[in-house]
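Shown next as structure tokens: one chain only, the form predicted alone.
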Amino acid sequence: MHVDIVEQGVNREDRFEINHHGYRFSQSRCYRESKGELACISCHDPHVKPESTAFRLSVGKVCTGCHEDAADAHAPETDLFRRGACVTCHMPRRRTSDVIHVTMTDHRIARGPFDLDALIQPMEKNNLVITAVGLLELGDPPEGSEADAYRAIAALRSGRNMEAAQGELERALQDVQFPGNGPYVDLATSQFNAGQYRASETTARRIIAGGENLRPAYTVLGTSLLAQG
């Protein structure tokens, strides 16, 4: 299940992480309006890291193949436009927020203009509060309580907003019966991490009583009993 989050004080357009190539590309107006015609392989083999200046210029030809009026939007004397370096301005290199010591090409094609120097400035690691979790509309995402369970599990596994997510997962599991034990192990682990040792013991015993020889459940049960003396 693919989830999207909202972090406190961060606009969606500014959330850029190291594995966000496809996520950012799907936000591009160019991608959305092409109705699937524009893809990763329109510009390059995504399994090969392109380095050369010639490559970046070849991507520019893909851009002008659609944007035939691009010259009207740029001053002819603009050096980057004259050289066809569309990527430099419209897919700039940026510092990633989760791996803060690297910069990567942002695959969200955007109008700009951007302060290219500011985008690559060093930053401090900051685990921001998650204010919302949603499911990306890829494939056939679930609805209702099942969707609530997936959203809560994602928040719990991130280690942020633990209390609110745990309550949401508890409510969802009252309405939805999952075929596997993953969500119930997430709940037991969350209860243990919150210091609710009797509750985590109860949840772990419920998993084990279902006949599953699930080592994570025994781990939670054992540590819950130790925590209770």
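Not measured: the values here are computed from a predicted model. Numbers for residues come from their place in the sequence shown, where the first is 1.
Although it is not shown, the form predicted in complex with a small molecule is what the next lines describe.
*Asks:* Even though the small molecule is not shown here, does it sit in the predicted complex so that 46, 109 and 113 each have a heavy atom within 4.5 Å?
*Replies:* Yes, because 46, 109 and 113 each have a heavy atom that approaches the small molecule to within 4.5 Å in the predicted complex.
*Asks:* Among 59, 173, 185, 199, which has any heavy atom within 4.5 Å of the small molecule in the predicted complex?
*Replies:* Result of the distance check: 59.
*Asks:* Where does the small molecule sit in the predicted complex: which of 139 to 147, 152 to 160, 119 to 127, 84 to 92, heavy atoms within 4.5 Å?
*Replies:* Within 4.5 Å of the partner lies stretch 84 to 92.
*Asks:* Residue 205 near the small molecule in the predicted complex, any heavy atom under 4.5 Å?
*Replies:* No - in the predicted complex, heavy atoms of residue 205 and the small molecule never come within 4.5 Å of each other.
*Asks:* Taking the shortest heavy atom distance, is residue 178 within 4.5 Å of the small molecule in the predicted complex?
*Replies:* No - in the predicted complex, heavy atoms of residue 178 and the small molecule never come within 4.5 Å of each other.
*Asks:* Verify the contact flag for residue 102: yes if a non-hydrogen atom of it lies within 4.5 Å of a non-hydrogen atom of the small molecule in the predicted complex, no if not.
*Replies:* No, residue 102 sits far enough from the small molecule in the predicted complex that none of its heavy atoms falls within 4.5 Å.
*Asks:* Do residue 50 and the small molecule share at least one heavy atom pair within 4.5 Å in the predicted complex?
*Replies:* Answer yes; at least one heavy atom of residue 50 falls within 4.5 Å of the small molecule in the predicted complex.
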